[in-house]
Every structure is written in structure tokens, then in C-alpha cells.
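Single chain ahead, written as C-alpha cells, the form predicted alone.
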Amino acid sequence: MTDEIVIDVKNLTKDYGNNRGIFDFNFQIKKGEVVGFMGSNGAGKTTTIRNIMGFLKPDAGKITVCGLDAWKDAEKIKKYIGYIPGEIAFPDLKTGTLFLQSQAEFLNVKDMSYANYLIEKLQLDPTANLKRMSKGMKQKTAVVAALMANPDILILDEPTTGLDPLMRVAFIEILEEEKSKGKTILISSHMYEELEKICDRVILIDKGKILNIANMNEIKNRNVVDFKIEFNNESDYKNFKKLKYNVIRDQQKYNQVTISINKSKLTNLFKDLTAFDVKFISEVKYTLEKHFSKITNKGGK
């Protein structure tokens, strides 16, 4: 990742009325960075993506892609982008093979070796009837079409919809390969695990507003760690609580507490625990889902 800004969104607003749309969005995506959109249906993920692609004209604000205006220079920016829409609509061609051949001609792709690699990786049968393909098969075909020209930027709107769990894994592996090539990637998803695995940052969108931009490195490498501790008897449970550790969850009926502690004080914790009859202790992983849940529960503050 470099400091070069590839996608720059400033004060973006698209207002559909009745508090529907997106309002005053500001974020940047650097070259080689993978950024995710997380939010419920109707939050504004697809509207934002369509503005970046130049399919929609903003009511206010400006978007640049590679220094070009996303609306005024929409045709120019598309040569840099591989795009998977949230709703896939194919042209009236008989097979997936014919569609991919037409895409190759349109994108001036002479060497189909990478397309064939993707077809094999995703276990796609492109000879199938394009209109009768399952949702998963259509999604795989769209992935191949978007990536086959080796574009510098990937913009992916719910790209794993319809894929079974094994194919989701294969797709994330493909994205990790793209990331290692220095591609700039914007991906929206409902699945926290997908975004956690691939993203550098994740933008939480709710009701047309950006609530938070999470840095995945900070989430994965926090200075504090949470532990769930259960004691074999009530007296040890009560005596441990007197030590004034930061208890974030207390379950008295199980003689159990969950504490949050700075990593620098772990030695002290384990030393203190030797004086108690501990049934078990386990680390509670801090995830992107937990991070965003804390924010939404606090009303975005």
C-alpha cells in the first residue's frame, strides 16, 4: 500500500427524500488498500458504489477515481475498474463462454490464461446456458468477467452472494492474490468474517451515514485483551472480584466473569489466579462484529 489516493470521496450526498440516500460521506482509499463496506440492506452501500462507478450523479460533493471525476469522466475511469454489481444482468447470449468471449473482446483481453485459472478455481462450467444458470453460477461468471482483464481497481458489491461456503473460501483466496499484486479493492458484504480476513479498513454505514471507519490492524492488535474466567466455587468468584479487575460481564450464577485487561498486566493476572480454584480461563476474541456492535449500541458515538 502507498500514500497515493486512488478513490477520493468528499462530502458525497445522494438524497432520495424521506431520509433515504447517503449523506455527507467522506473517505479515501489508497493504492493497494482493501476497504470494506458493512451495513444492513438499505444502509447506502450500493448507492455509494454506484456513485463511485459514475452510474449516479451526486446531489452534492465530489468523487475522483485516479484523479478523474467519477461522474464527468465515467467512461474513462471504467477502464481501470473491474466491477461486480449487486444485481447481475447478463446480455442475451446463449452460454457463459460466449459472454466471457464478448467481454474479452470488449476489454481487449488477448490472453485468456488468467480467465481460465479463475474458471478452474471457482469450478465454473461456462458452457452452461447463461439465462438458466443458478445464482451461484451467475456470480462466478461475473467474478471471471470482472477480473479477467487484470484491472488496477476492483469494486465488488456483495460479490459472494449465492456462493456456497467452499466457493466463498476460494473467492477470498482470489482476492488475497489480487491484494498481493497491489490491487486497490472496495468490497461490500454482509459477512463480518469476509471483511475481517481481507480488509485493511472497514466502513460502517447505517441509515445513509458513516458511523465508523475501523482499522483492522488496530482491532487485531489491541493493547487490551478480554478473558472469560469461571471459578469452581462462589467464594473464589467473589474474592477475585475484590481485586478490582475491569469486569465487562458478570455471570454470578456460573461463578463467571469476563474481564478486559492491558496486555502488559497479564503476568500479574496469572499470578493472582494461582490463589484461586479456576475451572477454566479462555480468551474472548475481539472481532469486527463486536467493535461495530459497541458503536451501534452507543448510537454511533
Partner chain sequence: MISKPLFKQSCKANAGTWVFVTAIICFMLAILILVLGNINVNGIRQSMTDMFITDAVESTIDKQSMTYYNLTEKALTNYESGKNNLTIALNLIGEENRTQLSMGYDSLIQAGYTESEAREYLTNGKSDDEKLLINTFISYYIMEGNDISENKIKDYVLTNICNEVYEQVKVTEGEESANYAKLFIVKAINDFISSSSDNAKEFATMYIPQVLKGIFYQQFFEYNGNTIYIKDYYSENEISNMSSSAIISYRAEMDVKEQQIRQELMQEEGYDSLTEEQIELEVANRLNKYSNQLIANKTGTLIEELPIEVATALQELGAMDIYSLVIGSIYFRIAGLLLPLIYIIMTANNLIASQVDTGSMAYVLSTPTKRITVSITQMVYLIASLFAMFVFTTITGLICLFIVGSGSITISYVDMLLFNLGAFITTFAISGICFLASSWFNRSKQSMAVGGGISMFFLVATILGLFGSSVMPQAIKIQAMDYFNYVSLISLYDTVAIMDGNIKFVWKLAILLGVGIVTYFISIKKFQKKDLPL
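Numbering follows the first chain given and starts at 1. Since the model is a prediction, treat every value here as computed from it, not as a measurement.
What follows is about the form predicted together with its partner chain, which we do not show.
- Message: Just checking whether Met53 would be counted as a contact of its partner chain in the model of the complex - the rule being heavy atoms within 4.5 angstroms.
- Response: Yes - in the model of the complex, heavy atoms of Met53 and its partner chain come within 4.5 Å of each other.
- Non-hydrogen atom contact Phe99 with its partner chain in the model of the complex at 4.5 angstroms: Answer yes; at least one heavy atom of Phe99 falls within 4.5 Å of its partner chain in the model of the complex.
- Message: Within 4.5 Å, heavy atoms only: does Phe227 come near its partner chain in the model of the complex?
- Response: No.
- Could you confirm whether Leu166 comes within 4.5 Å of its partner chain in the model of the complex, counting heavy atoms only? So Leu166 does not count as contacting its partner chain.
- Message: Let me test this: is every residue among Lys263, Asp277 and Phe280 within 4.5 Å of its partner chain in the model of the complex, going by heavy atom positions?
- Response: No: none of Lys263, Asp277 and Phe280 comes within 4.5 Å of its partner chain in the model of the complex.
- Selected contact from Lys62, Lys57, Lys238, Arg249, since only one has a non-hydrogen atom within 4.5 angstroms of its partner chain in the model of the complex: Here the answer is residue option Lys57.
- Task: Could you spot which one of Glu176, Glu218, Glu105, Glu193 gets a heavy atom to within 4.5 Å of its partner chain in the model of the complex?
- Result: By the 4.5 Å criterion, the partner-contacting residue is Glu105.
- Query: Using a 4.5 Å heavy atom cut-off, which stretch among 109 to 117, 168 to 176, 199 to 207, 68 to 76 contacts its partner chain in the model of the complex?
  - Reply: That would be 68 to 76.
- Stretch 63 to 94: residues contacting its partner chain in the model of the complex, 4.5 Å heavy atom cut-off: Those in contact are Trp71, Glu75, Lys78, Lys79, Ile81, Tyr83, Pro85, Glu87, Ile88, Ala89, Phe90, Pro91, Asp92, Leu93.
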